[in-house]
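One chain comes next, on its own, written out as structure tokens in the form predicted on its own.
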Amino acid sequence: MAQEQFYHALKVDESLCYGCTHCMFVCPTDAIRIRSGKASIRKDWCVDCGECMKACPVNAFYIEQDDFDKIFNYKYRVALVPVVMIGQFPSNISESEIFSVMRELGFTHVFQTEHTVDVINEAMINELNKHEERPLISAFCPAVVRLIQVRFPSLVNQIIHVKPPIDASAIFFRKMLQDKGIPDDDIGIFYVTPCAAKIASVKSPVGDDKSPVNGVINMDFLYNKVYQGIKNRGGKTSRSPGDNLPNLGPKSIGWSLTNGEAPYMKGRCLAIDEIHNVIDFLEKIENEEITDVDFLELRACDESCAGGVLVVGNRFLAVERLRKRAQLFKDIHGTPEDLIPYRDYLMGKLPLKPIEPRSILKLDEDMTLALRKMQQVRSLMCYLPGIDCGACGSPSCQSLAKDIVQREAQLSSCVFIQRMMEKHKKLHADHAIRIIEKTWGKDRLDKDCTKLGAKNEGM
């Protein structure tokens, strides 16, 4: 039975894309191809890290979100706000102001996602104590979890089976409202996301059948609405009864930043951010070059969630603001009072189901066919130039060889092979042009070469 495709939130606006290949070369899973002059994303390979979006010079990549008006389908509308949202605002804007405006926009409740960190940390340490295999890897970053599934399938069993704060907080708040007599159908929980990967984790969760979150709101979208609402107040503060939420302590504030989890785990623990750094380290783990690490905190974005593609401010300034905030509330420790009665309930809901590998290296479900195709890839590499120019629309010669074996490209897609075939009269020039047009589109070759010829003759 074929595996269900990953949902991914990153999309390409073909009206803007002109096939520059910037995205193709930065993609850590080789999920992007150029076809008909436009970037094309392979759904099963994309991990929604957002590197393509950062690299695009014309902003052709965008991230889908739920329609904001979807919140009004529910009588009780809960906003789960990660701490990095607070870090986007200037230090003179208080949480109370931010949350008050969010209520004016339509939310009935606002809850900071990291309030459940202490319970999650306890569950993670329990997992660490139970498993002998090392290192165990945090499940906090959904882009990293998917990266391991597709690029490092041998390591999936080392992902710690504990849900991240987004899920834990949604489970807690829903249960708390239900205990107040509110029907589940009246409760809508919406996460304010700093990245595409967390949208994907809501739409098609890994290690769970269904997400406890009803929808996602992009952080850049909500930030602009909230900031405009604060400015429109002209410095006047409006307070609601629910604005006095407990402040987060330093542990909770730092949890979603780099080195947020590692200091609170046991043994030798390392924190690594930025997806290419993560890949380099996972390769060392997979090759058993590093064997004495107990726990890995891995984050796809530089500066972790503060560097997500949907944050609006400078990631270093956001981290500085949050570090100062952590110092300001350094005396706050432990689980919030409202959450304490739900500790045992939450601990029972935190375990993830086994995470399945989904290797992009596997060329066929049938092992015999897969081995045969791998041999074909090796044979093709003897003919391809090995310079990884990308002119074929694939990110590397090896990627092209795999595409050929999977019948998604032809050997003649390589411009070097084309020239060789033309030289030996195995390929007509007009046919070569048609091959190039299939990759790069007809418009790419519609240039007026007469002026260039005239210019060269005059030199």
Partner chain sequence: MQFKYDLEGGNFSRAGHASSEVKKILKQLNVDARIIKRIVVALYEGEVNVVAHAHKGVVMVDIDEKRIYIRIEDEGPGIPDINLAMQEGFSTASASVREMGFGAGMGLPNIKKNTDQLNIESEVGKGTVLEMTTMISS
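As the structure is a computational prediction, the values presented were derived from the model and not from experiment. Here, rigid core means the biggest group of C-alpha atoms that superpose within 1.5 Å across both forms. Residue numbers count along the first chain shown, from 1.
From this point on, the text means the form predicted together with its partner chain, which you will not see here.
Segments offered: 71-79, 118-126, 294-302, 373-381. Contacting its partner chain in the model of the complex at heavy atom distances within 4.5 Å is 373-381. Remark: none of the three candidate residues (Lys11, Met53 and Val58) comes within 4.5 Å of its partner chain in the model of the complex, counting heavy atoms only. Put simply, of Asp186, Asp364, Asp220, Asp388 only one has a heavy atom within 4.5 Å of its partner chain in the model of the complex, and it is Asp364. Out of the listed residues Gln158, Asn247, Ser94, Asn277, Gln158 is the one that sits within 4.5 Å of its partner chain in the model of the complex by at least one heavy atom.
Contact check for Lys402: a non-hydrogen atom falls within 4.5 Å of its partner chain in the model of the complex.
Using a 4.5 angstroms threshold between heavy atoms, Gly313 stays clear of its partner chain in the model of the complex. When its partner chain is considered in the model of the complex, Asp331 lies well away from it, no heavy atom lying within 4.5 Å. Taking non-hydrogen atoms only, Asp179 never approaches its partner chain to within 4.5 angstroms in the model of the complex. Contact residues in stretch 284-303 (any heavy atom within 4.5 Å of its partner chain, taken in the model of the complex) are Glu286, Asn287, Glu288, Glu289.
Relative to the superposed rigid core, the position of the CA of Gln228 differs between the shown form and the other one by less than 2 Å. Once the cores line up, the CA of Asn129 ends up less than 2 angstroms apart between the shown form and the other one.
In this overlay on the rigid core, Ser154 has a C-alpha that sits less than 2 Å away from its partner position between the shown form and the other one.
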